[in-house]
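Single chain ahead, by itself, as structure tokens, in the form predicted on its own.
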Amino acid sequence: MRFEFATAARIVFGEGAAATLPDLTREYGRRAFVVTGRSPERAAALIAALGAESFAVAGEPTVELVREGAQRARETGCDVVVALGGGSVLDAGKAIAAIAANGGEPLEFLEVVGKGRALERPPLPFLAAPTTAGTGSEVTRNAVLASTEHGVKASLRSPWMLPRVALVDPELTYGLPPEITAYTGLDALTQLIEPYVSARANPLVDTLCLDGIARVARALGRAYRDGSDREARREMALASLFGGLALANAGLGVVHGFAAPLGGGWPAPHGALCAALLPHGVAANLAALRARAPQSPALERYATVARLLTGREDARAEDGVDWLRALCAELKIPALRAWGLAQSDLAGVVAKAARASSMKANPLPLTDEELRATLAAAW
């Protein structure tokens, strides 16, 4: 057995922790560049406390947006980057910190569709404070960016991109509407299930995944129905953190393999895509494992997931699929076609998904026909 585990230099968790963010930032630099969501006023107190430059991210981060943000950070002489927002904001901030320190075009460093060039210098110090419970981007070493010219999302990745501080304050998620709670929560669940069954699973990640899956099972429905449920929000914030730790160290699978080309080609939130795909991705893997790898330990791992989700000791792996389908129905998750995906688009998405970096850790390679059937089921 051989594995490694890397994460943010410092993790700060707890209600009210966001109040310490200005002091934490000052430990790493004198002039801050604060990356926010589409409403910078939500970070007004932080920006004022630091006398910081601010940069708003209105949607999913793109190569062009990161180029602009890095140029702004350099021109204003910023020496530390703070991101306060959802996964898109955190990924944008992470990439801006990297490009501001290294120069060059973001596409030069991007995987799959870019040159995949390694960073030559460490990024500017980067601090991440998520306002959603889903992506876990505060503890990952990559930033997912959309390349509009290629119609796909791909990662800018480096061990140097791990944040200096990951500050997770559940209070920052209290204002999330039910729809976003559902999308981000199912993204968190996906990022706990896929690393647990992945080809690169390891005992340290296993512990995080099993704990996190149990937390989502008991808390996501509650947080969706009552956004003021403090305990449910805390459980989901912690589960999301565990999912980020897990995916960064054990990889993902078929659901995220599809999410990359879909997110690059259609205006859908990443979490919504993962939510629509999750039951079908699990079902496809189970069918493929039973047909071609019946001795694979991933089958028993899926059964363990089912027991955690359902709360039943006698649950079979397929019972987990049924539970996921029922949860997606309860949380009103739209099918992929709701985001403008046409049946004529499916073949192109399958071809791109097969090359996605996330697909490499799937418990076994899926055939093109299996991928096509999975996407069609989610359509």
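Start at 1 and count along the sequence shown; that's the residue number. Since this is a predicted model, take the numbers as computed values, not measurements.
Missing here is the form predicted in complex with ligand NAD; even so, the following discussion is about that form.
4.5 Å heavy atom contact, Ile180 and ligand NAD in the predicted bound form = Yes, contact at 4.5 Å.
4.5 angstroms heavy atom contact with ligand NAD in the predicted bound form for Arg42 | Close contact exists here: in the predicted bound form, Arg42 approaches ligand NAD to within 4.5 Å, heavy atoms only.
is_contact(Asn285, ligand NAD) in the predicted bound form, heavy atom dist at most 4.5 Å | Residue-level check for Asn285: no, no contact with ligand NAD.
Though only this chain appears here, would Asn102 touch ligand NAD in the predicted bound form if you measure heavy atom gaps against 4.5 Å?
-> Asn102 lies outside the contact set for ligand NAD.
Segment that reaches ligand NAD in the predicted bound form - one of 135-143, 105-113, 201-209, 215-223, heavy atoms within 4.5 Å = Among the candidates, contact is made by 135-143.
Which of these residues, Gly257, Gly281, Pro123, Gly87, gets a heavy atom within 4.5 Å of ligand NAD in the predicted bound form?
-> Answer to the contact question: Gly87.
Looking at ligand NAD in the predicted bound form, is some heavy atom of each of Glu194, Arg301 and Asn362 within 4.5 Å of it?
-> Checking in the predicted bound form: none of Glu194, Arg301 and Asn362 is within 4.5 Å of ligand NAD.
For the heavy atom contacts within 4.5 Å of ligand NAD in the predicted bound form, list the residues of 183-207 involved, in sequence order.
-> Sequence-ordered list: Thr184, Asp187, Gln191.
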